[in-house]
Structures are given as structure tokens and as C-alpha cells.
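This document starts with one chain, in the form predicted alone, laid out as C-alpha cells.
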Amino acid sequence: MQKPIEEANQAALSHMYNAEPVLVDVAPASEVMPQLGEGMLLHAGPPVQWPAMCSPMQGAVAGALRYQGWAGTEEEAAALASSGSVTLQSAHDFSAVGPMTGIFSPSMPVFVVENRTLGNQAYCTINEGLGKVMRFGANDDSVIERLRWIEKTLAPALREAVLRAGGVELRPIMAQALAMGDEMHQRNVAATSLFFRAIAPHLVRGSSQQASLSEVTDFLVGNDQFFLNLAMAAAKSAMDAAASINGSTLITAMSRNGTNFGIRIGALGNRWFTAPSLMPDGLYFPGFTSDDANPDMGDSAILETLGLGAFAMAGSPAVVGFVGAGTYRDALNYTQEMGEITLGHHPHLSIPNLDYQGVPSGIDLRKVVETGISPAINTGIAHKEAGAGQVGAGIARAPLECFHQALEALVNEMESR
């Protein structure tokens, strides 16, 4: 069975490496994901229901119910969610990914990213910016007001610009940003600037949103992490392409919901293999400690699955101090260590200070189990209480139990054939 696995892995890598993600639209979620219907929300990570959700996830669900108009108060929203009358599903099952709590509701605008190599699409919500935000579980009136501004003002302006541009190619932006010091998980300064440079001419020419363009541009240039969500959708489009190959031991998704961490592998399709989410190890903002932290959370580990984030830290010296990785030598060690569990190096995403070697890319289930090396993930650290926001940044490890479960299931599947 070794030969079919190797052949499947090479085919999956080819799909992954040759993906050409292009931002083609900015649209209401229900318009591009018609299966996201009335009374339904999507969340980050493997499936989890209301009673098992962490506090930030519950806070975000309550906020989304208010934003959607399905509940008037936080208390009404909590009662609605706990009654079981709201359908809660993993965003990954809809070809979607969201940072931290990763909540999608039908009215929320999303980035539509198309992999022009295979034609598959992936989706991500628009980054809310800093401060009180739903991705960390905040849900007061200011959060709802900002989400409605994104829906009514920002998204239509971006949609016009993207359509006028004929789409925005994301892989060249990601490659250039990597060369400029972004790893695209915790640092997106260059990528956001490059995206703004690409979209700005189309944003200002002939826009029907002229009265609000100053607000739109102020928001874009004031949010260094804006590109994070675009990078996530780009990575999802590549990993879904790889997942279309049957029989591969490639890890096609890593994700966490603040309660559990889950992985998927190509050979076993959409099955989740889960273990409790671990606590990140990192630096905390003044006034906070590890006692305030929530276990690791969010779909943004799709970036490490592609080979960015912690896998690319050798190319991002500026992020080393922010996530508490130690010295640049430590960052280099992370990248080299991740190379021990991957099937190759990405030919289009390279690190200049490693002689333009591609980022280690294509996590192999077998190598993780054989070496005992767990994938590292650069991550923001959320407060354990809803609405308190981000309290630090650090590095989390994927629990090895997930990988052992997946390998055992794969062996059982192969033996039963």
C-alpha cells in the first residue's frame, strides 16, 4: 500500500503547490454559501455545540444572533442558543475559515477566494480590526455597530473595487510579503500594505461609495492584520484542492474551537480527529498572565497547514519577539524542525535568508507520529472570558493524540479494504 500512498501524496502536493488563489468577490455569506440558511451559524474548529463551547465562543455566538436580528439582547441570544433551535456547524464543512471564534452568519460579508487552477472556492469573513471584536467573543453594541458598518459600507466598496479589478491575485502578494518579513499569521504588515496598493486604484475610481471612501481607506491602512483573513481563505483554497486527492496522508486541516483541536487528512476526507486544545506558550500583554488565557482557538492554523505562520518564522524576525519565540536562532529552529514533518518545500513561497528555500509545506501524518514532532502554530491568545479580548500572543502545539487517532483510523481503513 506504500506506493499508492506516495502517489496520492505527490498528487496532493501538486494540487496544493499549484493553487492560484484569487480574490474574486466580497459578498454576503448566504449569497455564496446558500446552504448557510436561517437559524444557522458557522464557527471555527471541529464541531462543537453550545454547552461545550468556551466563553469567548459563546459570546461570539450571542453577538452574531444579535447582529443577525434573531435575538434582541445577550440574554435572549444565550437562551436561543442553549435551546438547540440554532444550528451550529464547523465553517470548514462549508469551505470556510474564520479567525479565533470564526463565527459566520448569513448576512456577514465574506471574501470569496477562487483557486483558478481547479476552480474551487474558499471563504473568510472580513477582519474587524483591533479593540473589542467578535472574534474574541465581544458582543456589545459597539461590536454590532462595527459589523454593520463592515456589511453596509466597507464590503460594498471592496466588492466594487475587486470586480473592477477583475480579481486580485493573492499568491504573488503572499510571496512578496514573506520576502518582506511577514509569516502571515501573526504578522501581516507587508501583506496588508501590498494588498492596499493593489486595490486602492480600483477603490477610488468610479466608486459609488465616494462619501465613505475616507472611512474605508482609514480602516484599511489602520489595520495591520487586515490581510490575515485573505491569507486564510487563500490557504483554505489550496488545502481543499489537496484534499480532493483520495488516499493521501497529507494533513489538510488543523483547527481549534477553544475546547478541542482537530485535524483532517486527505485519505479520510472530512472526518475530524480531536483532542483537547492546549494552552499557548507566549508573551502576555501588561496586566495579564497565563491564568487569564483561553485554550488555543481559531481556524487560522490553516496557514501552518500550508507552510506559513510558525513554519515560516525563519523569514519573519520581527514576529519572534511578539510571540515569545526567543531569539532569531530559535525561530530558525522552528522552521527547520517543521521541515522534519513535511513532504516538501513550497516552490512559490520562499524564505530569502534561507537561500530562497521554500517554506516547509505539506504536513505528513506519518512523519508527525514517527518523529513525535508536533506542528507549531503562531497564535493570538484570547482571554478566557468573553469580550475581554486578546491578552497576548504565542506559540501553540497541536496535540499529538489527534495524529495517533488519525493514523490508527487510516490503518484500520486500509486493512478493511
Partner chain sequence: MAEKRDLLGGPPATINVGLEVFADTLQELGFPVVRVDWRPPAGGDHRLTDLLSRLERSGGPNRISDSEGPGT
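Bear in mind that the values here come from a model prediction, so they are computed numbers and not experimental data. Residue numbers count along the first chain shown, from 1.
Keep in mind that the form predicted together with the partner chain is not shown, yet the notes after this line are about it.
- Any non-hydrogen atom of Lys236 within 4.5 angstroms of the partner chain in the model of the complex: It does: once the partner chain is placed as it appears in the model of the complex, Lys236 has a heavy atom within 4.5 Å of it.
* Asked: Is there a non-hydrogen atom of Asn333 within 4.5 angstroms of a non-hydrogen atom of the partner chain in the model of the complex?
  -> Asn333 lies outside the contact set for the partner chain.
Practice item. Indicate whether the partner chain has at least one heavy atom within 4.5 Å of a heavy atom of Asn120 in the model of the complex. Key: Taking the distances in the model of the complex, the answer for Asn120 is yes, it comes within 4.5 Å of the partner chain.
Indicate whether His348 is a 4.5 Å heavy atom neighbour of the partner chain in the model of the complex. No, no contact at 4.5 Å.
| Pick from 247-255, 160-168, 100-108, 178-186: which stretch has non-hydrogen atoms within 4.5 Å of the partner chain in the model of the complex? | Stretch 247-255 is the one.
Q: Please state whether all three residues Ser82, Ser83 and Asp291 have a non-hydrogen atom within 4.5 angstroms of the partner chain in the model of the complex.
A: Not a single residue of the candidate spot has a heavy atom within 4.5 Å of the partner chain in the model of the complex.
(request) Find the only residue in Asn223, Thr217, Ser95, Thr153 having a heavy atom within 4.5 Å of the partner chain in the model of the complex. (result) Going through each option in turn, the one that passes is Ser95.
**Report entry** Proximity to the partner chain in the model of the complex, single hit among Ala52, Ala27, Ile373, Met40 (heavy atom within 4.5 Å)
**Finding:** Looking at Ala52, Ala27, Ile373, Met40 one by one, just Ile373 meets the 4.5 Å heavy-atom criterion.
Looking at the partner chain in the model of the complex, which residues in 268-300 have at least one heavy atom within 4.5 Å of it? Heavy-atom contacts to the partner chain in the model of the complex: only Asn270.
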